[in-house]
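Only one chain comes next, encoded as structure tokens, the form predicted on its own.
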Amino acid sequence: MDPKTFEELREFIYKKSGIFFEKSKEYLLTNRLRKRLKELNLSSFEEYLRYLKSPKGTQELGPLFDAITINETYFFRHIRQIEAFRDVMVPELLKKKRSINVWSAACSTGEEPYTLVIALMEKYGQNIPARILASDISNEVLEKAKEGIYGEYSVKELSPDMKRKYFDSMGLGKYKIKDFVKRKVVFKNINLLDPALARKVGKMDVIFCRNVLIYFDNNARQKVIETFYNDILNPGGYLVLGATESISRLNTKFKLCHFKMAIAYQKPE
């Protein structure tokens, strides 16, 4: 890919998704898009860029997002955050309402939202006091999330008892999430930079947005955080980022909250 094409492709992707590829990640972008060129029978990245900008290009956005997004996840990832959610945030929020709204933003193949359901079921039984929305920009991973079939890597943190309780074993190291868990999650395709984001999501009490903002530049991060704060989170609600992420350098009114080996950001009441 020549430098000019890389710059134009990077800018196109950034405007559409907020994901920014540094110059050092050119090889990654090249490798991820090469399959799309082959599938579309295109001979160069220049041709692919022209295709993206053509009237037909709108139908390519989904496959483009599928190709460039990174989906490394597993059940009960960063367990201290999940414990803080289940044992501190949720009981505190339930002092003021009978049920809460939780959003797993950038849910990938579904491990995170299903983890939240399982964590709550361990505490409250199957009739959990929460509604769970899960979203991603990639239709491909959303279909996998709805299917709910996982390999050994995804369930590596779960005990045999937890696997039996919440999954059906399919053999050959495959596990299918049980329907009583699956029914608790609503999946939607949502772009975090979509101007109509708030209308699609509604009001939330907890937002999990883990390991997503690291792919955005500061302007895109600021925009997303402001939308969370101003339009989506209820007063007293929590934002949970990845274990190594921080928004301390952004202009934000969030209050930093410390839990047992975990942090979150709270919107003051």
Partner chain sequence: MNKVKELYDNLANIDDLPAFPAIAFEIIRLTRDPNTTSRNLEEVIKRDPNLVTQILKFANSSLYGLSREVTSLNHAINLLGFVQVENIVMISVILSSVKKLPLHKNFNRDKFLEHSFGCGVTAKIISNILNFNFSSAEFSSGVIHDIGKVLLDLYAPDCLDEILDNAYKKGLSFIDSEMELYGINHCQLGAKLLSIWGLPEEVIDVVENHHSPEKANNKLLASVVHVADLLTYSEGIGFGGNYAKFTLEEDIGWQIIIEEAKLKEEFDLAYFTFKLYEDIENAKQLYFEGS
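Positions refer to the first chain, counted from 1. It should be emphasised that the depicted structure is a prediction, and the values quoted were computed from it without experimental measurement.
As for the form predicted together with the partner chain, it is not shown, yet the points below apply to it.
- Among the residues Thr244, Thr58, Ser44, Asn219, the one placing a heavy atom within 4.5 Å of the partner chain in the predicted bound form is Thr244.
- Residue contact with the partner chain in the predicted bound form: Met1 places no heavy atom within 4.5 Å of it.
- Mapping the unseen interface onto this chain, Val88 counts among the residues with a heavy atom inside 4.5 Å of the partner chain in the predicted bound form.
- The closest heavy atom approach of Lys253 to the partner chain in the predicted bound form falls outside 4.5 Å.
- At the 4.5 Å threshold, heavy atoms of Arg80 reach the partner chain in the predicted bound form.
- Contact residues in stretch 128 to 145 (any heavy atom within 4.5 Å of the partner chain, taken in the predicted bound form) are absent; none meets the cut-off.
- In the predicted bound form, the Cα positions of Tyr14 and Leu250 lie at least 3 Å nearer to each other than in the form displayed.
- In the predicted bound form, the CA atoms of Lys15 and Gly242 come closer by at least 3 angstroms compared with the shown structure.
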